[in-house]
Every structure is written in C-alpha cells, then in structure tokens.
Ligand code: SAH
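Single chain ahead, written as structure tokens, the form predicted alone.
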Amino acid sequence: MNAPAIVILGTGALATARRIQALYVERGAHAAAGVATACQVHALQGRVEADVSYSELGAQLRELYARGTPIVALCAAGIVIRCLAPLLSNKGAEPPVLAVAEDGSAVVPLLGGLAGVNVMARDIAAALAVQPAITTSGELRFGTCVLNPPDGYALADLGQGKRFVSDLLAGESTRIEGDAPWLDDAQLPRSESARLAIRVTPRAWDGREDELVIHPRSVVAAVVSDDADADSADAIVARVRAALKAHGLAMLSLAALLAPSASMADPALAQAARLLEVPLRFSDAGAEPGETNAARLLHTALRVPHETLHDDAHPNVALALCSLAIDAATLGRARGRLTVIGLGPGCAELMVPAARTALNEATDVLGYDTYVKMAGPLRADQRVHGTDNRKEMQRARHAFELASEGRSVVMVSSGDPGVFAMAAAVLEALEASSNDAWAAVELSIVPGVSAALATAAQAGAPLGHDFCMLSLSDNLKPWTIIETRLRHAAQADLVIAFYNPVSRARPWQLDKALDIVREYRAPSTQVVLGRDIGRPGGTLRTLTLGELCSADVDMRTMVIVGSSLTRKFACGDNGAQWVYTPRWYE
C-alpha cells in the first residue's frame, strides 16, 4: 500500500501529523525499491509550513482521492465526508480515508474497508498510543477483514465475498482450503465439516456460492514472438488469456508478464502488461534442451520451484505455476526508466504533478546538489547522486548507466528541463552512445514552469506577445553568437528574457548586452527583474531600460526586457502594478 497524504488545517495538528509521518518514513526505509512510500504533510497555505501547501481543503481531498492516494485528515470526520461525498460511488475502488483528531486522541477509519483502511487505523493508533474506532462488523468479530487479503493475493468476486461474510456473521462456520497464513490468528468460526470454505487457489472460480475464493498471484506468463513483425498488445493479451483458460487458471492469479530482454523497448509489451494489470519483467533465455523459447525464459528468471505449463495452440506462451504467491520484483529485471523533470521555480505548488509522481517512484535521483535538495522530501531508501552544476554530460551518462540496470531514475532540473537545462544534455548523451542498453531505457521528459514564465506571471504578462529566451553564458557558445542573436532579437522588437545574466567570471556581459538592446529600444522600455521567484525571499522589481544597470542583477535574477509596446499600469487602492505586452501589434 502506498503511504498516505497527511492533510492538516492549522498548526495545532502539525505535531501529530509529524508523528504519523515518522511511522511511514521508518516503513519506507525498509521498503522494496520502487515502492511508493513517500509520505508528505499537506497544509493549508498561509496557516502553517509543511511539505505541500494547498489553497482549498475540499479540492485537495478530492484530488488526492481521485488519484487513489490514501488520506489521513487531521480534522473532524464530518468535514472529510462532506468534501468527498460527490466522489463516493464505487466502494470497490476507493482508497483508504481516515480522520484523526488534531491531538491524536482519536483515529477513525472512514472509507476504504477493502483497501486496508482498518490496518492503517490500527498502525496509526498504535503509534499514537490510542484505540482505533473501528466499526466494521467483520473486523470486530473476526479481528481481520476477510475480504482484504494481503499483497500477492486477490479476491475472486467481491459480491460473493460479501455474501460469504454475511453468512459467517449469521452463525455459519468455515474451513480453509489452501495456504492462508494471514488468517492463522483470525477469530473465524472454523469446522472441518463446515458447508462454507475459504479456498486459496490459482484455479478459476466455478461460481459456487459456498466458497470464498482467493487467488494467489502465483502464475508467470512468458511470451516470445517468432514473427518478423512484433505482435500487437491485444494479440499478446489474447494469447495469455487463452493459455490461462486452457489450464483452468484465473486471470487474477497472474503475477507478471515475462519477455526477452531484446524486446525491452517494444511498446506492445508495455501496453499488454497494462491491460493485464501486472508488472512487465525481462530476462535472457537459458539453453535448456527441448524447451520452447518461452519456457527457457521461465527457467532463467524463476528462482523457486515451479511447474511449466504449455499449450500446443499457443507455442509462444508458457506459464509457470508456483506453489506460493510470486514477488514480481524477483523475476529477471524491469525495463529501466529515466525521467527528466523540471521542478519549476522552486515552490512545491508550482511543480507539476507528473514531476512529483516521478520523484515518488524513483529509485535514484540525480542532479545539481542545490536542485536535488529542492526536490525533497525524498524517501530514505532512494539513492541521491548530487553533483557540481558543471558536470552535465557526466551526470547524463551516469543516469543512463543506472537506468540500464533496470532502475527508475529521475534527472532533476530547475524550471523547465528543456530550457537551458538537462533534457538537452540527456538527449545529447543518448545520441552519442551506441549502447543498446541505453537505447532500451524508457526515456520521458516532464515539463516544468521555467524561470521566465514564473517571473512573467508575477509581473503580469510581459511575455504576452512574441518573445525569445537568451542565455548570456558563453561557456558553451562563443560571445559573438550571443551578440548576433541579441542584435537580431532587439531589432525584431521581441521581448527578451535573459538567462545566466552575470557571474563572477563574466561580470561585463550584461552591460554589453544592454548596450546592444539600447541601440533599438527607448530608455522608457519596461524591464522586469525577478530574483529567486518561487523561493523563500524571492523579489520582483520593475524599472525601465534607462534605469537598469548590471549592479541590479546577479546569477539568480531573471531579466525580462520588454518590447516597444510593453506597458505598466497601476490598479486599485493598494497601488498594485502590472506589466504586460499587448497581443496586438501596431
């Protein structure tokens, strides 16, 4: 189960929230790689500083709920219920939701009985040294939720499960067929001659109403293709389903899809795994004589005894049937993933959700030390590779090496990764490499809010018409190129956003750039200076081109020089000033 989002309204709840967070941080330190265990405290903006800020409680709770994130809300239960009421339509798909008193004196599970909410309630209550307010009849009677088997097991039919538990509550006894160690300590009414049976089996349920069937995920499907053209995802899924059906195995017993390492970049395999709702793993076939390619994959990847099942009608599929549930992470290896993200200007609320998701799922985080620290909080089990800001290519190559080992790697940039940042360096490293393992890595780039856009948004809309972005750093391009581009941009009357305006090594370049701009722009041209926008202590200043000098700027300042049409005006009694460039042009 993923760690929860801990949601608070004020400072009075922060201490309790941190105690709950510590429970999941400790658990995350022992979690398997790739398990999403990052636990953050979400606080109402302007009231308390926490890990994530939000502006409206209802919207925040609904967004977390819709994403399937477990929620621990430190407020009245009624508030949570009213906020989530519009979304409560599918009991089988709800994440755990709990209400906890601000002082930690009460822990009330509200939603997610089939997703482990009562287990969470007991864990949190134990950490807070209180009794959880569990009201579920089956849990109170039997000490466990029979309909919520542990990871690695799946309930065959929820509707039948409810009827089964209802019969138990009405006084029936049950017997257990198969291996169900999580029920050893449950206070179930048992009898070897009972009419009802809890049956743990990979075999498909036949519809009998006197059975509660639980499927261990103990089957692995290996798929290969002998065709010149790759199979479609639908074709792969159809073959796997047919093979399971031919052997009387339940779809829910499938633990993983296994394929040859040479097919790692095949998008059809990834799509097939998503359709089958199982992990996709890869292995190299061994040299077992007399076996099909698919069967050899299973022999190589599986480290436990298993029975290999063949189907003459589908020779490119082989099934491994194990006696116990299989942890997919122990099979072969996953396809490595490298995600290049932009953090935005520095504040958590301006980081796009996809970037935070990538960070939560990462095994390794790379980047310039300052940016990696901005990306936190990170899990204790995540490996952090912080480096100097001048080692971009070395960092990019290191990221591919890690990802080609099957790890989930995130490369961190500030702002947008494609604007004077690491996305270009990553692609340059990939193009220059002839390494097939690097080419097989799943590469994606997640956009972010660039410094120019963040500064412009605070000022108003100075980038409201055509604009360009120029870096004044000559580390990777000669100054003559910078001057040529700058002169053309100024002559074209484009708004210009300057990155890397000054540094200790080149304090003269901004003044030189401004001299060129002043050949084409009036002294009254509007200029916006944004320093550390989106970070603590950030400042915004507007002035004119005639007033601007290099002493006003440092390396952490974004300089936006307006066009001839960019204007500034005051609005309201508080004298708020806005800068914008009209969408029309004279």
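What you see is a predicted model; the values in this text were computed from it and never measured. Numbering starts at 1 and follows the sequence shown.
Keep in mind the form predicted in complex with the named molecule is missing from the figure; the text below concerns it.
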Candidate stretches 398 to 406, 81 to 89, 265 to 273, 443 to 451 - the one whose heavy atoms come within 4.5 Å of the named molecule in the predicted bound form: 443 to 451
Even though the named molecule is not shown here, does it sit in the predicted bound form so that V419, I533 and R556 each have a heavy atom within 4.5 Å? yes
Out of P462, P345, P96, G336, which one falls within 4.5 Å of the named molecule in the predicted bound form, going by heavy atoms? P345
Check each of Y499, W438, F467, F164 and return the one that places a heavy atom within 4.5 angstroms of the named molecule in the predicted bound form. Y499
Is there a heavy atom of G367 no more than 4.5 Å from a heavy atom of the named molecule in the predicted bound form? no
Decide whether G415 counts as a contact residue for the named molecule in the predicted bound form under a heavy atom distance cut-off of 4.5 Å. yes
